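Only one chain comes next, encoded as C-alpha cells, the form predicted on its own.
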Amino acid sequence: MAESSHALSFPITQTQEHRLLFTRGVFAPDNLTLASVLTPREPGENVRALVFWDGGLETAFPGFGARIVAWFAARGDTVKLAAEPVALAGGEQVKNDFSQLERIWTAINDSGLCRHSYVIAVGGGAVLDLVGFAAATAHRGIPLVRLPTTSLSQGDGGVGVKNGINFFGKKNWLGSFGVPHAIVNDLSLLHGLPVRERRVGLIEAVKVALIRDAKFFEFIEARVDALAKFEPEPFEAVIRESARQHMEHIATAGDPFERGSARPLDFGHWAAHKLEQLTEFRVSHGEAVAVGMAIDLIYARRTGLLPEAEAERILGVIQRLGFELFAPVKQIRGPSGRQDMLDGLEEFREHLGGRLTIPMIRAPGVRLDIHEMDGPTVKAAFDELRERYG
C-alpha cells in the first residue's frame, strides 16, 4: 500500500532593525557615531573591521583616507582595522567589472574577516552596491555598515536593503537583499560634492514625494530655487526627509525584499535603467531617473491618468532643479536608441518576475500601479519629450 505524502512546516520569523544615524564629520577624532554601531557580537570579543572606500573622495576631501586610518588608530582598544582601507573606483562602471568584486572578496579573505566582523562601505551608490554584495556573499553574510557619501545614496540607494552589480549588460542582475547593520549619513559630505553629484539626490526626493506625500512635494516646490542653489538648510532637510520616506516605505509597506510585483519606489525607473545601459553609464542614475519620470509623466497625461496642469507643474519643478529632460538621451550611441529604450519595459518585467507592474501617479501623493503600457503612446511620449526639450 502506497504511503500518503507528508509535509512539515515551521514558521521562521526574525525581527530586524533598520537603523540610520545622522552626523557631521564622521571620521573627526572625537566623533563616536561610527563607534556606537561597531559593537562586539559576544562579550569580550575584539571588534575587527575592514573599510572599502571610494578613492575619489580624496579629491573632494584631501586627506580623507588618512582620517579613516587615524580614527581607527585612536580606538585600537575597542575596534581594530583588519587591514589597510581599500580604495575603489567610484561610479557605475565599477559595478560592471567582476574583477573588482573578486578583489573585495580577496581582501575579506586575506584579512580573516568572519561573521562577527564588520565590512564598512564608504562611497556613493555604486561602491555601496558592490561592497554590499561582496559582504552579503562572503561567509554567507558579514555585517555591513554603510556610509553613503552622495546626495543620491544618502537620500535613497544607501538607505535601502538592496545590493547589486551589473551582469549580462543588465543593471543589478546579480544582487542580494539584506538589512545593513547600520547606515551613517555624514551630512557635511554633501556640501563638498561636485554640482552634478549634489543635484542627483534631489530627483529621488521628488520621486518619493510624488508617490507617497503631497506635502513633501509642496515643501520641495516652495523651495525649488533655493534647492537648485544647494542652500544648506533646505538641501539637508530634503535629503533627510527623502531618506526617512524611503526607509519608512521599506520597513512598513509589507514587502521589503520585493517578493511581489509592485515596486512603487521605482517610479520613472524602467526607462532610467535602460538609458543608463545605452549610454554606457555616462548618464548617472539620477539624471536618467529625471528623464524616465518625464516620460512617465507625459504618458500619464496622454492616457488621462494625470491632469495636464499637474503634469506641467511637476515637469516645471524638475527642470527648475536643474535637470535636463532630453539631453541625456543624446548620449545614446547608434540610430536605434529610441526603440532600444522601449526594450526597457520587458527587462523591467523580467527583473520583477510575474506581470509588468509600473507605478504611476494621478496627483502628487496619489499613486497607482498599471500592468501594461501602450507602445505607440510610449513612443509618442518619447517624441514629445524630444520636441519639447531636445
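What you see is a predicted model; the values in this text were computed from it and never measured. A residue's number is simply how far along the shown sequence it sits, counting from 1.
Same protein, other form: the form predicted in complex with a small molecule, not shown, and the subject of what follows.
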Report summary line: Counting only non-hydrogen atoms, the one stretch of 232 to 240, 88 to 96, 291 to 299, 209 to 217 within 4.5 angstroms of the small molecule in the predicted bound form is 88 to 96
Query raised in the report: Can any non-hydrogen atom of G132 be found within 4.5 angstroms of the small molecule in the predicted bound form?
Result: no
Query raised in the report: Do A49 and the small molecule come within 4.5 Å of each other in the predicted bound form, heavy atoms counted?
Result: no
**Report entry** Any non-hydrogen atom of K274 within 4.5 angstroms of the small molecule in the predicted bound form
**Finding:** no
Query - T279, heavy atom within 4.5 angstroms of the small molecule in the predicted bound form - result: no
